[in-house]
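Listed next as structure tokens is one chain, alone, in the form predicted alone.
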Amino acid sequence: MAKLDEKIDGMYQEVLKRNPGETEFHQAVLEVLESLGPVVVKNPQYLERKIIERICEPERQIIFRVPWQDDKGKVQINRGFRVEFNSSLGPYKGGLRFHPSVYLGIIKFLGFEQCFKNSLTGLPIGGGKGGSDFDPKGKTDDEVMRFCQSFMTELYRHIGEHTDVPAGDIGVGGREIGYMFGQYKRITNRYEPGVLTGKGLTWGGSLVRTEATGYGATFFVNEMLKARKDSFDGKICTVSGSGNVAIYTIEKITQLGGKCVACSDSNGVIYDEKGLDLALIKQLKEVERRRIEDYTKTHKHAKYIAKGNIWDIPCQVAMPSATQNEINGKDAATLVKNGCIAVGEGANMPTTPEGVKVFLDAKIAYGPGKAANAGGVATSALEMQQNAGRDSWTFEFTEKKLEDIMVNIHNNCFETAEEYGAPGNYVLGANICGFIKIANAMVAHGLV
């Protein structure tokens, strides 16, 4: 752990005291605060106005009961969350996660990260996050629908295109967004497409939204490589996960000349030294909702490693795209030892503090999630633009906008790191760049 400025350390201790047991939130806050010492020296008004303390405290935290009935007629109870973290730059914006691991600390960590990520996009959106400990895996469509309707029956009163605009995250895809949008429309008697993003293309959704996080992370890594006079061409890559983010990371890497040889799910890892068959992965995961193990039924030469560690497989570019804290210090050391030169985080906070230190000490190109995976929320904001104008853009037009946003994020992080005496440190660059924009808006708005 880096030594915190004395004043900032006091703020962090207060965060620990006020938010006991929320380890992921503590980790996310510390990672940002470690970067802010030189910022408050240059900008003492941030301390005077208690900007850091205010940013660390959500504007609103909503927790609610979600009762629903399964196909056997049994009543089930889950817990729902929406943390509306910071609206200084625009309406709250951030996804909904449906996963058994969800509790308040996870939602607060995600919401905190979202504030800085959204700031980096340069678009007028604040930060928030939500979700439930409901697990859609193994549930029928009818069960998922009943849960989503019950969830929205409470959530609808807290959201709106000028207030809070949720999207999808882990466990929440087009199916879940559709059920929630339908219930919102039913309750409010309003067709308000701007209230949710990630919608279907025939009813207000945006082209490229499905691909956005994976494409965006790849664009960011491509810019990091360019800054080192390098490219994806011929690079061996591994991508953890096999969901939306991983699939479209693999797709864009392949388009840029890289070769992806491994991906994973919660049960294990697929390694295909000939290069992953993306069409088969899409069929297994997007159409048939099967486990990645079934890849070997079609490609006998590929290896399936049950409960394996994808970071043990040598690669030059690693793209963690599954979940938080999936790369620890040992994994990071293994990646560096095996020749990894770049890491781009497609997931939120997928590297532990020990792992981050290994990457920074090795001076590899390391793109933290709040910068590298901002493409998803950026394209959600583009979807909001289209909804507001009752417009629809082409795939090519939207993808170019996404690429431009990711290039700008990279350049801003790169230049900020240089300005603050840490060239090549995208962690410091992203934290400071994202923070300053929010802080200046909060100063301008007064004590709110």
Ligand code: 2IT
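Nothing here was measured: the structure is a model prediction, and the numbers come from that model. Residue numbers here begin at 1 and follow the sequence given.
Same protein, other form: the form predicted in complex with this ligand, not shown, and the subject of what follows.
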Partner contact for G168 in the predicted complex: this ligand, 4.5 angstroms, heavy atom: yes
S206, heavy atom within 4.5 angstroms of this ligand in the predicted complex: no
G127 within 4.5 Å of this ligand in the predicted complex, heavy atoms: no
Heavy atom of T197 within 4.5 Å of this ligand in the predicted complex: yes
Complete contact of K93, N348 and S380 with this ligand in the predicted complex (any heavy atom, 4.5 Å): yes
Candidate stretches 220-228, 371-379, 155-163, 142-150 - the one whose heavy atoms come within 4.5 Å of this ligand in the predicted complex: 371-379
Residue (of T238, S132, Q114, N86) lying close to this ligand in the predicted complex, criterion heavy atoms within 4.5 Å: Q114
